[in-house]
Ligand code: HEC
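Presented as structure tokens, the chain that follows is alone, the form predicted on its own.
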Amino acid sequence: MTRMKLVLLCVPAAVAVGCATFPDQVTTQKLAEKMVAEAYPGMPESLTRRTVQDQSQKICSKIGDAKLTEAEAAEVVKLARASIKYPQSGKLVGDWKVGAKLAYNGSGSRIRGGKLEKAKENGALCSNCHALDPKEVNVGNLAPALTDFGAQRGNSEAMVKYAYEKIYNSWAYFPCSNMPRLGHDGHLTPEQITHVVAYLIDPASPVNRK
């Protein structure tokens, strides 16, 4: 009984000591960033630059259940909108058939054997998270279904612009969302994005056909 009391008395003391010596949030973040930066010795810059957060990512890196403040969300949206670039042609709708191939293509940006995968062009792999072609059985369910996207929303100039910008940098509309910032990160070119937009918008696309 005496031994049990001694153990119970020691536990709070150990917890208190542990809490007292644990680094604060800023120090912990710096230590974590240092560990990540040193985890890839000799790796090319194309890989190591992924470990460096941009300003938006720093804002979005909340700990636990911490929520974005209104000011933080506005700043993320502002930075996202400033990052969006448009194709030189000025056309935001490309070829839906090319977009269909991109939507199911997962090539590019993958690390294999410590090296960046060589690919002729990166794919968008929208199907990894979204349902697209209604006849496609193997569909993603991590994000809203995009089936009938154009049929339901139309292909107005405003809708086309929204689709393009959402694909380029989703944080322009949904700060800190899980959707990849495909244009901002350089994974897709503006021209590639126009093809994906066409796949979603064009009435002839399988996405909009029953």
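Start at 1 with the first residue shown and count on from there. As the structure is a prediction and not an experimental result, all values here were calculated from the model.
The next section is about a form of this same protein that is not shown, the form predicted in complex with heme C (HEC).
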property: The single option of Asn178, Thr69, Gln55, Thr28 touching heme C (HEC) in the predicted complex, heavy atom within 4.5 Å; result: Asn178
property: 4.5 Å heavy atom contact, Pro144 and heme C (HEC) in the predicted complex; result: yes
property: Exercise: Ala198 in contact with heme C (HEC) in the predicted complex, heavy atom 4.5 Å; result: no
property: Non-hydrogen atom contact Arg50 with heme C (HEC) in the predicted complex at 4.5 angstroms; result: no
property: Contact label in the predicted complex: Leu182 to heme C (HEC), heavy atom within 4.5 Å; result: yes
property: Heavy atom contact within 4.5 Å of heme C (HEC) in the predicted complex, the stretch among 85 to 93, 72 to 80, 105 to 113, 118 to 126; result: 118 to 126
property: Sequence-ordered residues of 138 to 167 touching heme C (HEC) in the predicted complex, heavy atom within 4.5 Å; result: Leu142, Ala143, Pro144, Leu146, Phe149, Arg153, Tyr162, Lys166, Ile167
